[in-house]
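So this first bit is one chain, no partners, the form predicted alone, shown in structure tokens.
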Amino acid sequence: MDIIVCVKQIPDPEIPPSKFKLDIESKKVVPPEGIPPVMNPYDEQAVELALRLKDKYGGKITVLTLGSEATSSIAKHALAMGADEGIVITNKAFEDSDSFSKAYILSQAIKKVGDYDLVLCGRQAADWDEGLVGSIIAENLGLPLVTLAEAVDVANGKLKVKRVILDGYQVFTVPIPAVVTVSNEVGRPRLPSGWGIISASQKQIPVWSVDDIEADSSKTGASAARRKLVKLFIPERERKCEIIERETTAEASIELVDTLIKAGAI
């Protein structure tokens, strides 16, 4: 079974709050000094699910990531886990792309990869939490889609996908190839082995540009974005305390209700 996994690099979700900074003017997160970015945890679980399928059925796992050449570090992390090939897609024209543009770029890269049986994505990215890219990739490629997968297997030449819902799970059978987004119920991803880390460090990660994937640059970047980020800020939380003192409990209660009404709390 040949599998393509789309992964994303994000700021480490475990960084201390004191290290989290924003550039209000550019509306971007400032990379914390001394703390390298990591693979999106949901994408790491997608890699884990791909490895389980490879362990059972064989095949090849190709990891695609969109970003700068520095993003090769997370591609190498996937290789250290057991993936076979990692590819970075980067170009100036891709900067400030929204979810629709990113899905278009990844779709073009998937077409270039060629033969595949399954495309896996994390259910969402842990930085923006939009959860759109996997679904849009499926639409772009005209493939069946199952979201929030807990497990995937093969039965009678089709994919059998167990999907998480609020009060249990659903089981779908879909034809191959298909797109599946992976939920955290898959479980903890495996740690890279020592040999895996050494082997991954020695591999060259191919870098594809807009020309390599035959992408239309007019469909990428800020000019093609379907939504506009108006403001990015850290919310300020203000606390006020007012002590109500009256001669009786009844009078204090009436005053408390009036105060809450004026404050819009009730």
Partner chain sequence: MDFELTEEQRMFHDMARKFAEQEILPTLKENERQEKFDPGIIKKMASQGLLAPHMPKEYGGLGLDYITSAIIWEQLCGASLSVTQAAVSGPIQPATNLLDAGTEEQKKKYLPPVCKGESIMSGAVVEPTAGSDSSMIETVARRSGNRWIINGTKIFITNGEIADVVLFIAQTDKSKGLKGLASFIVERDTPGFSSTPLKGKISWRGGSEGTLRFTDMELPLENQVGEIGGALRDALRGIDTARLFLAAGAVGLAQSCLEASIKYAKERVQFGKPIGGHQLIQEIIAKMATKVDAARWLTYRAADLKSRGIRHIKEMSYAKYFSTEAALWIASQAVKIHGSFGTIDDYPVGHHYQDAITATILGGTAQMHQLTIGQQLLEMAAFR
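Worth saying up front: this structure is predicted, and the values here are computed from it rather than measured. Positions refer to the first chain, counted from 1.
Separately, the form predicted together with the partner chain exists; it is not shown, and the next lines address it.
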**Asked** Quick one: of Ala125, Ala80, Ile137, Ala109, which gets a non-hydrogen atom within 4.5 angstroms of the partner chain in the predicted complex?
**Response** Ala80
**Asked** So which of Val29, Leu229, Ala222, Ile198 reaches within 4.5 angstroms of the partner chain in the predicted complex, heavy atom to heavy atom?
**Response** Ile198
**Complete:** Testing 162-170, 101-109, 71-79, 148-156 against the partner chain in the predicted complex with a 4.5 Å heavy atom criterion leaves exactly one stretch, namely 71-79
**Prompt:** Are any of the heavy atoms in Lys92 no more than 4.5 Å from a heavy atom of the partner chain in the predicted complex?
**Reply:** no
**Request:** Give a yes/no on whether Gly194 approaches the partner chain to within 4.5 Å in the predicted complex, heavy atoms considered.
**Result:** yes
